[in-house]
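One protein chain, two forms: both are listed below as structure tokens, the first as structure 1 and the second as structure 2.
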Structure 1
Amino acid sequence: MDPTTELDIGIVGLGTHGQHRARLLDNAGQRVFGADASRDARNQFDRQFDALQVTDPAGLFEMELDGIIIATPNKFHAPAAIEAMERGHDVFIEKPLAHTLEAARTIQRVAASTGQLCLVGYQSRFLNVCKILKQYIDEGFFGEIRHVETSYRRRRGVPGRGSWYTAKEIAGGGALIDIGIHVFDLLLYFLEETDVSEMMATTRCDFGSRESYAYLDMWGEDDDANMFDVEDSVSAFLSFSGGTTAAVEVAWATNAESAHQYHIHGTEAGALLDITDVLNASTDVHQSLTFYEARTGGAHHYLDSTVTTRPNDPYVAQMETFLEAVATGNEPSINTLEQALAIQRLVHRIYADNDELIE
């Protein structure tokens, strides 16, 4: 896209995520418009961006905008995205695609019938270290990948006890649909396989609903676990049809060190990808990648290689991809509806097996 191109982008939902997207767009020289039912959110948006803001998303959809970003709580992704596409707008939906698989499939049908672009906000694939690891996988550097061991856990990181994040009816689930979907997104990206032949998974709620919940930081406000009926951790074991297996650990809270890591076990080499988030500083992401090999030259030995690259802000790259798609009308190969639906199916399967899914 020509960097001088100025687009008009509407944002539905002016909370933390919506304001973050607005800042990225504003920094990129784009015009932003907002909608939110909250007067406080609208006023804060107006103070920051001096932009038109309305109460009802329908007011945005009636405007001649180039694209719409949906940054509402999960339950409202589908109705907002559907109305926007039916009004002729391309959309970008914050992850997850929807709060249920049924709602996600409805979004897909509407996108197909209207011909509008619909991208979904999974940002990890845009990290330089993830793109580098993917390139080595595609080149066959690791041989056959037999197993992936991955964890995304926070020592204490419930995103607001008593908020919509911890309400099953609104969010669709807890830790799995909030941060676990990032794990599935990278698994499917690295393996290029979506057919899971077998899965065993367990969901738990051990910490978030406690009356006494000790923590240092929290994304939102602590409301003493009022409206907390979701899981705060998940353990899963997946067998893909191609023979690769994966062990997945996800936790909003656990008595262990915070980590977001992927251990690749291949027949020729292995790797450790570490992209651990710093709580409450989502763009400050530790990015490291190390390769592990065993060789026989001279004498049997191990060879460990550390990859050095420039760190990058994946959210900036993600927004650039959306703006390029809107400007050209060409769907990118990343953040697609098909990828988001594959993730949603895995989430649905785990919740269904654990009687956690909200219909």
Structure 2
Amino acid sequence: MDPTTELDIGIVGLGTHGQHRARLLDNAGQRVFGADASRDARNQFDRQFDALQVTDPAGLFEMELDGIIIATPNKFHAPAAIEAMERGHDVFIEKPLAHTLEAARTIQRVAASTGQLCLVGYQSRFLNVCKILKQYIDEGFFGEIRHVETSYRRRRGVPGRGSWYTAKEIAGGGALIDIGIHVFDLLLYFLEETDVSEMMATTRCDFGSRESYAYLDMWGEDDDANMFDVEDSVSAFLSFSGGTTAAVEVAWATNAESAHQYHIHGTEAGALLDITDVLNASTDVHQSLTFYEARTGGAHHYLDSTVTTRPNDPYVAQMETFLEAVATGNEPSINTLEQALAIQRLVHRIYADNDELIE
């Protein structure tokens, strides 16, 4: 894409994520237009960006725009995205695709019938360390990957207790649909799988609704657990059709060090990818990658290699991909609807299994 091309991008949903996207686009020299039904969100957005304001997304959809970003609370992804696509706009939907599998499938049907581009915002694949790891996996550096041990846990990181993030009907779930989905996204990416053959998973709610919730940094606004009816941790054991297994630990809150890590256990070598969240920065992560081997040359020895690369902002790379897609009309191979639906199916399966257990 010609870097000087100036595009007009509409943002539906002007909360934290909408503002973040707007900032990235503004920095990249794009024109940004916003819409939100929430007056508070509109006011916040207005203070930060010199952009046209419209209350109703319908007003935004009537404009000649190059693309629309949907960053509303999860429940409203489907109605906003569907209307945008039906009005002839390409869309980028913040993760998760939708709050339920049913709504996700409706989005897919409309994308297919309208022929509009529909990207879904899973940013981790854009990290340089993730791309490098994937390259070594594809080369066969690790031999056969037998198991992946993953964890995405925060010591205390419930996003905005009492906000829509912690209301099942609006968010669709808790820690799993908020951060667990990133683990599924990377697992499916690394292993080139689209489905899980067997799975056992447990969801819990132990910390988030406590009045005595102790924390150092709140992710978002704390509303004293006004609304809280979602899980704050999940443990899952997955078995893929190719025989690889994965252990998944996800927690918004747990009594352990925060981590976002992937241990790749291959027959020839292993790896540890560490992309743990940087405290105080909701969009910044550590980026380290280490390889582990055992060799016999000379004398038996272990060989550990550290990958040094340029840390990058995955959101910037992701927005560049989106802008190029809407400018050229070509669907990228990353952040596709199919990938997002595969994740949504896994999320749905875990919630359905656990609801059954409760009943």
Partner chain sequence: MDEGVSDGKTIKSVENAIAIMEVIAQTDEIGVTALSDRVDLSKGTVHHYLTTLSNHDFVEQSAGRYRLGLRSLTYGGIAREREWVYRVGKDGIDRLATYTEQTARLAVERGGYAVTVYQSTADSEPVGDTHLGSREPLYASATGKVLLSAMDGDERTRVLDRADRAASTPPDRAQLTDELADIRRRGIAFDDEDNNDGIRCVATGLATEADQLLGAIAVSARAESIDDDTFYETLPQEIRNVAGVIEINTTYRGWMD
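One-based numbering along structure 1's sequence throughout. Predicted, not measured: the structure shown is a model, and the values here were computed from it. For clarity, a rigid core is taken as the largest C-alpha set superposing within 1.5 Å between two forms.
Shown as structure 1 is the form predicted alone, with the alternative form given as structure 2. Shown in the overlay between structure 1 and structure 2, fitted on the rigid core, is a CA shift at Leu65 smaller than 2 Å. Comparing the forms between structure 1 and structure 2, the C-alpha position of Asp304 differs by less than 2 angstroms, with the core used for superposition. Core-superposed comparison between structure 1 and structure 2: CA of Ala325 displaced by less than 2 Å.
Taking the core as the reference frame, the CA atom of Ala41 shifts 2.4 angstrom between structure 1 and structure 2.
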